[in-house]
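One chain follows as structure tokens, the form predicted on its own.
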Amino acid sequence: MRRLLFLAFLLIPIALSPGLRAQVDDDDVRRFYFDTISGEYQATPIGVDDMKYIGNRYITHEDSVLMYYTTRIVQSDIDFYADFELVPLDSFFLKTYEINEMSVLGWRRLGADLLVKLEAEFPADKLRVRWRLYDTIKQQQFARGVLERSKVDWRILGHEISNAVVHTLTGEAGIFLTKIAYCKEVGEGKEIFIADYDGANEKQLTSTESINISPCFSPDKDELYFTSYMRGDPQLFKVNINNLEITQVAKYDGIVAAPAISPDGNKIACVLSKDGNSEIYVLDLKGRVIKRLTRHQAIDTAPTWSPDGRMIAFSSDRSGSPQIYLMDSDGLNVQRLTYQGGYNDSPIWSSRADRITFVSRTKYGRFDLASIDTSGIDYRIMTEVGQNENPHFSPDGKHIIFSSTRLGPRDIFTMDITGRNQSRLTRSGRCSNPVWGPARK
């Protein structure tokens, strides 16, 4: 069973520095994967040793604490990542065998197949970390790197180390510097918030004292599109993440809702009711209609783009109850995808293009997250407690963020795409509509 690491926040008043360097040996890249059809998957056990100081001068207690918390960031990231499982250091093991410092062989005996070793130096006001990857079976180092940042950026540095480890082992970009956005009730309204992927560094983006919902990241810009009631009927707005400037994007009679930015960042699929019924349209980034995609007396809503931008999944009650449908991005070739479950809504397309996750009302009357192959086979329920809604995939397609009432108030949770390792991100309650931002290049 994985252990959740609860991280305290350390404030260190040192000036920001963007300095960063790294080097990695790429001669031993390993790849891990999910079998998403059968759901079978074996996590790779990895140990992360406590960071050691390798400099030749006296360091302060503050520096020692900094090493401790940076290590905890790396351990938490590795434990979170879907392909890995953190092997905790066993104090009973150390005491029994009278071990002062763990060796590679010692980690092997604890069950780790791989080991991350961290070594610290403190040049000027910076923290420099040398990371090394070991194969505990072969007892050999096979990758290494160096990363450096201002001490105040210890969290960023920890996430950068984790990203480097993930890239070395999988060949894929890590997600540990990504952002999440969500809605939170503030007073009588709902405001948009943003945070690190693990829920840290929460920041309020809107203060409109209105209802703001359905945030959506722009792929290439530091902007969030969202639907807001701040000027009456729900219309489309965007907020700049850096300066918090809010701009209205589209205004039409009726509603403008459920925005979804295309993978190329040039178009917005959304729901308009300007012609008397909720239909799906495609707009340009200035809010002008490019094309109307659906024409049906039923309610069509919740569009989501396929990763290549060639198809759109959406929800419609044209069969009598909400179900998931697919269509080409020009509105042609509409086909029904889901037949199990009497109420299916809020689809989101996996970045791997093989599955769609959505909200499904089960026979118990509970809203759960379900998943289905894009061919219409392998319908699976992924949650079993509380009311679960608003799914969205991580950029690597291996994790899902969602809202749930399983612990009482509605908060934001994450899980692997298999439904395993479900964990809580927010603890304030009244949170909903989470969305995962793109990986930074």
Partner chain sequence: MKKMAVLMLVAMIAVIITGCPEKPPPPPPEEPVEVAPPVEKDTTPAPAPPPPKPKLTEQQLQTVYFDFDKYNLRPDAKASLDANFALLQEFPDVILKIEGHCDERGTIEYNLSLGEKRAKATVDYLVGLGIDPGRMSAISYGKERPVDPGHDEVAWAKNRRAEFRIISQ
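Residue numbers count along the first chain shown, from 1. Computed from a predicted structure; not experimentally measured.
Unshown form predicted together with the partner chain; subsequent notes refer to it.
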Checklist entry - Of these, 147 to 155, 125 to 133, 79 to 87, 320 to 328, which stretch puts a heavy atom within 4.5 angstroms of the partner chain in the model of the complex? => result 320 to 328
Checklist entry - Would Gly276 count as touching the partner chain in the model of the complex under a 4.5 Å heavy atom rule? => result yes
Checklist entry - How about Asn242: is it within 4.5 Å of the partner chain in the model of the complex, going by heavy atoms? => result no
Next on the checklist: Within 4.5 Å, heavy atoms only: does Val271 come near the partner chain in the model of the complex?
Outcome noted: yes
Checklist entry - Using 4.5 Å between non-hydrogen atoms, is Val165 touching the partner chain in the model of the complex? => result no
Checklist entry - Tell me, which of Leu205, Met311, Ile213, Val334 has a heavy atom within 4.5 angstroms of the partner chain in the model of the complex? => result Ile213
Checklist entry - From the list Lys238, Arg108, Arg355, Lys190, which entry has a heavy atom within 4.5 Å of the partner chain in the model of the complex? => result Lys190
Next on the checklist: the partner chain is absent from this chain, but in the model of the complex, do Gly287, Ser351 and Phe402 each have a non-hydrogen atom within 4.5 Å of it?
Outcome noted: no
Item to check | Partner contacts in the model of the complex for 363 to 386 (non-hydrogen atom within 4.5 angstroms of the partner chain) | outcome: Phe367
